[in-house]
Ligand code: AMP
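Just one chain is shown here, as structure tokens, and it is the form predicted on its own.
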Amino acid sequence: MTPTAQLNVLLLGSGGRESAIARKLSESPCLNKLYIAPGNGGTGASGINLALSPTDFDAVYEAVKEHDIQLVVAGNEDPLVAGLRNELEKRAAAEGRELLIVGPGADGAALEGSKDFAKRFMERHGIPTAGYFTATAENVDEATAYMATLEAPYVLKADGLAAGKGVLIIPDLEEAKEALRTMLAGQFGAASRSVVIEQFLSGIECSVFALTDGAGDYRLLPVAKDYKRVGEGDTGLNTGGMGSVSPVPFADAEFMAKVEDRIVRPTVAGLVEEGIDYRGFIFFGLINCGGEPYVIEYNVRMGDPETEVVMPRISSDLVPVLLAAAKGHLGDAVVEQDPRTAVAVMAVSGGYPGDYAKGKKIEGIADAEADCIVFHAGTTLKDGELFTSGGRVLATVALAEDIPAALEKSFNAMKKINFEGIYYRRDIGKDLL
């Protein structure tokens, strides 16, 4: 299987991240057919949607066989934490099938699947992160004593995957102690049987992405910053992300040199040292504290909505790079970056991140696409018409010379789109000016 082969690729996932990856993959001359499972109302423009769940390993492997898939790209974390790569590799080996997978096995996916594992990994390899203590039902008194040594606010993180809802930041100590007991009692199910208590770090966040090959080599992708709060000026409830920007002005050459030296290289080397054959994306959720980078979290896939600005800024063919990483030898693979700025504005359903209605007809996308890229997230096609099917519905993404120009293009494109209850922020990236 050479980088110039005509590959059949299966991309797993259904959100805006997968919409952006699908569009990028579809541009490759190395691609024969692209399948997206399950995809959404917009991914059909880049490939063929398959109605199956990424965590249904039987269905995934049947699709691999039926469509003669050579490369599987895992979009979201759930199947990876559940052992997708392990299971697919086992089945392919049993049948003598050559199958390459972008995404770590269950051991590497623990970097996201267990906050405690990630903190202990960073501790072992001297990677800068906040101080922490892992609480369980058996050590609550010790855990609350540790809390009392910290300055407010208090950060509580469910150890396992909690659909993005397992992090609490609480200003009052007694309230935080009570919240800890509630979490340990099952607030987030099995995910909060253990809770990581963290020292609060003050600074500005950014997302750094690397693609690694399991042998110690990696390539950095464009840096991005996302916006979690639903309200303008970073107010209101946390969401899955209301927009993103790339590049990030404060992530300059000096800052990124520190990131590579103190965080990226030690992480990749640490995985190799511990015998973890990690082939795939690593998302470094970082915070810049007075010019010094610290790791807030690892993710084992690309971020969303950051991917919506990262993929348009990759100017080279991504498929050969993914193939090289999955084969365990990045070699001379190159990731070239467009120097322009990308801004993504996310349109969400009215009421999100609380209760919201679905099934609202979406209009105006063709007009918006005249000067913008539109990536779909919570959309579905019915009888040729597009409807909302999620809280985060779609993103308009523009490339321009700087943040104000890209934001204006993206915002103007968004004004052409309409569905009942549509809401979006108008200030994405303005804090960086």
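The first residue of the shown sequence is 1; numbering continues from there. Computed from a prediction, not measured in an experiment: that's the story for all the values here.
Form predicted in complex with the ligand: not shown, discussed below.
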_Quick check on this chain: which one of K228, R181, R340, K358 has a heavy atom within 4.5 Å of the ligand in the predicted bound form?_
K228
*Which one, F200, F250, F117, Y146, lies within 4.5 Å of the ligand in the predicted bound form by heavy atoms?*
F200
*Taking heavy atoms only, is K157 within 4.5 angstroms of the ligand in the predicted bound form?*
yes
*Consider I127 of the chain shown here, and say whether it contacts the ligand in the predicted bound form, taking contact as heavy atoms within 4.5 Å.*
no
*May I ask you to check whether I296 falls inside a 4.5 Å heavy atom distance of the ligand in the predicted bound form?*
yes
*Even though the ligand is not shown here, does E205 get within 4.5 Å of it in the predicted bound form, heavy atoms only?*
yes
_Only one of 214 to 222, 165 to 173, 89 to 97, 259 to 267 has heavy atoms within 4.5 Å of the ligand in the predicted bound form; I'd like to know which._
165 to 173
